[in-house]
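Let's start with one chain on its own, the form predicted on its own, as structure tokens.
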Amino acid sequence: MSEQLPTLKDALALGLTEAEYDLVCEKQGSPPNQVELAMYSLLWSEHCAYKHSKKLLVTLPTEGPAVVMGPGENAGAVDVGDGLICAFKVESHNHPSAVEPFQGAATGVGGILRDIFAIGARPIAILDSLRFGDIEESERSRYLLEHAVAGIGHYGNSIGVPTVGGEVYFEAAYEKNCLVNAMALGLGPREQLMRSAAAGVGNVVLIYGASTGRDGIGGASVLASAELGEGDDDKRPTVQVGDPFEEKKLMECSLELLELGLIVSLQDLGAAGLTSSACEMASKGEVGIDIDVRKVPLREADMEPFEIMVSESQERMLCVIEPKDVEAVRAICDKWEVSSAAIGEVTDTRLMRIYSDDELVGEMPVEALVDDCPIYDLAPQKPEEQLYDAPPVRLDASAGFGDALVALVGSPNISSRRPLFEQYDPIVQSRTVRRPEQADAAVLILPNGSALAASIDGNGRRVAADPYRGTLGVVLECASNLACVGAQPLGTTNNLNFGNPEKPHVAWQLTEAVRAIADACTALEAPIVGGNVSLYNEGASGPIYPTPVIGMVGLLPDASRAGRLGFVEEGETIALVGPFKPSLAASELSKLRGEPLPDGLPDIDIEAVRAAQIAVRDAVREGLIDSAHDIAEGGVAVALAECALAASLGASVTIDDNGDAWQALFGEAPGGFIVCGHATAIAQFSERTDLTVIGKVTGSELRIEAGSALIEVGLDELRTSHRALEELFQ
């Protein structure tokens, strides 16, 4: 190893600080060479090391009766009965998607699917959570949206995994940093559950899947560990290029190898490529690993050792197998036309040793690479002034109640997402019971007739107004969505999308949001089984809205009784259920009016909300109510409009205005549900929980009274407004 050693300047260019570089030199006993510095820089990056969030994450609840695999593995898993587990996780591909939206989003889907089958589960569903800038004003945001959605559809549709749900919001704060979060669910036998810890000194390390190229070098791990600035289009080459057809073969090959019991441990190659997968496997197993980069199948023959170790080429897996099984494993790979190569072995040295043929080109202690990355304390401080500009005025102050409802139903954050989700196949694999716009959560039937429900939620606007209470609302919203289809939460995954944590105001947002997730998940008995952190989402104009995205999976005993959101039958009774205390603070109506974000949101009674969720869940399961929809963006009036539009049935409703009709009609808060059913069933339901009968399903018009306020609007007019997003893409 006689080449010229990298300098401090090189280390700084790779994202290490001067103090971190000094620590690397101390751990190594000398300045690192090119391979070693590249590996340290990636494993010590924010994306891989979570060095600004790890201390917060350990405060989250991770244990529960259904949890069979928690944080630290490729994905979490919960028991769903009959010897089956549901694996699920959410991850981000934000910075790559801001640079190259199609491939950034597509490879984000590919990466989360590999996390699922890496633990032995077959992927059965995808959900996505997206954030973009103001698409009514910004051509760039429309471009990012169109291409990100196309990328998600391309990968999911091609590989044959349905996209069954999701959400998308548009806010000016995401103009420079769009968010692309992908969640996946998988189903598999519990006895096939696979962990990633390398084991067995002398066992073979084998790579299989696509060949390794220069695409993605320094990609996600570098892009996601610093702020994006002007001129970042030059980072386009660092975005990976995905091939869903290659991943389909890789998935089937992996699942067959696991079914045959030929694999000791398995890890997908994601951010930081071979470096992260091999080092994390060695760390978890408390072993060493030797790798010969010249045995790695390459797409480009002249690649340097460091390039091979940090490449983020897609559709690759790394496994540990016993020497006697090498031929059998390679035969299965050949069957699926998947390239494979034995590239190293497990050792007892606790070292990562990188060879190029017979030459040792890198030698690092595993503990130093993975476990000794410096972990930083945050310095949270609430900002003295509002961080975000007020939105433009989109609704005149003189607008009446009816005009406000029509405007809200057609606003970007509430209008129908049909132009987007119609690009996805929601029913491939034939498990989908409830698809987008049919219910508040996706529902997937299980072999025994029970069903899984899944929901993904976030509301950056409300979290920006109050990081703690806003995040409580996000978690409760996710659980409410499950309740509306009759599902009990089993576990939760989260993706924390925030700005630069080194800044006190962002550290405060992050700290408060994690505190809220811990409190809400504890109260709901829906522990965290895994997730992702995406920081440094900001540019010169400031941070994004703090956006904790929550994914939740639940179980319902009878798929045939899964709830729906649309009214069912004319003449049925409509009721308002739950401890709903609406407020216009940080609401969608306040946004349309151009009002700045408030300093705080009203308190939330978590236990009261949970009690309402349980009541609604049980009523759906028993068939007491025919439809259920939680009240979210736009308040009661918008919730009623959505129920009516989903069924093409009108309603006549009267609600108590409590002295403020605007707030009663359009205020937002957790814990409210609109339910519908026959009068006798609603009366029976009222004996179990507090509810207020507010009207009936009738006609082709939505009529809402609130004190002296009156809304009368035809469903055709509402439907036309609700399709406003379609006009932006014509």
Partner chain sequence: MKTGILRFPGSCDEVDAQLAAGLVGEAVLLWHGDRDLQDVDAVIVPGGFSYGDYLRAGAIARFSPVMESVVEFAGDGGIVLGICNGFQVLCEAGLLPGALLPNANRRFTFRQVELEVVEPDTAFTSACPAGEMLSIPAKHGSGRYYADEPTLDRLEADGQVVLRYRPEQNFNGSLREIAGVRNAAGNVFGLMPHPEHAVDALTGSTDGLRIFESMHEAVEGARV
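Residue numbers count along the first chain shown, from 1. Quick caveat, the model's predicted, so the values are computed rather than measured.
Same protein, other form: the form predicted together with the partner chain, not shown, and the subject of what follows.
In short, of 354 to 362, 91 to 99, 423 to 431, 603 to 611 it is 423 to 431 that has heavy atoms within 4.5 Å of the partner chain in the model of the complex. Taking a 4.5 Å heavy atom cutoff to the partner chain in the model of the complex, the contact residue among Lys248, Arg417, Lys503, Lys581 is Lys248. Only one of Pro323, Gly72, Gly160, Pro392 lies close to the partner chain in the model of the complex, with a heavy atom inside 4.5 Å, and it is Gly160. Within 4.5 Å of some heavy atom of the partner chain in the model of the complex lies at least one heavy atom of Trp336. In the model of the complex, at least one heavy atom of Arg435 sits within 4.5 Å of a heavy atom of the partner chain.
Under a 4.5 angstroms non-hydrogen atom cutoff, the partner chain in the model of the complex has Glu146 among its neighbouring residues. Interface membership of Glu595, defined by any non-hydrogen atom within 4.5 Å of the partner chain in the model of the complex, is ruled out.
Contact annotation for 538 to 577: residues with any non-hydrogen atom within 4.5 angstroms of the partner chain in the model of the complex are Ala559, Ser560, listed in sequence order.
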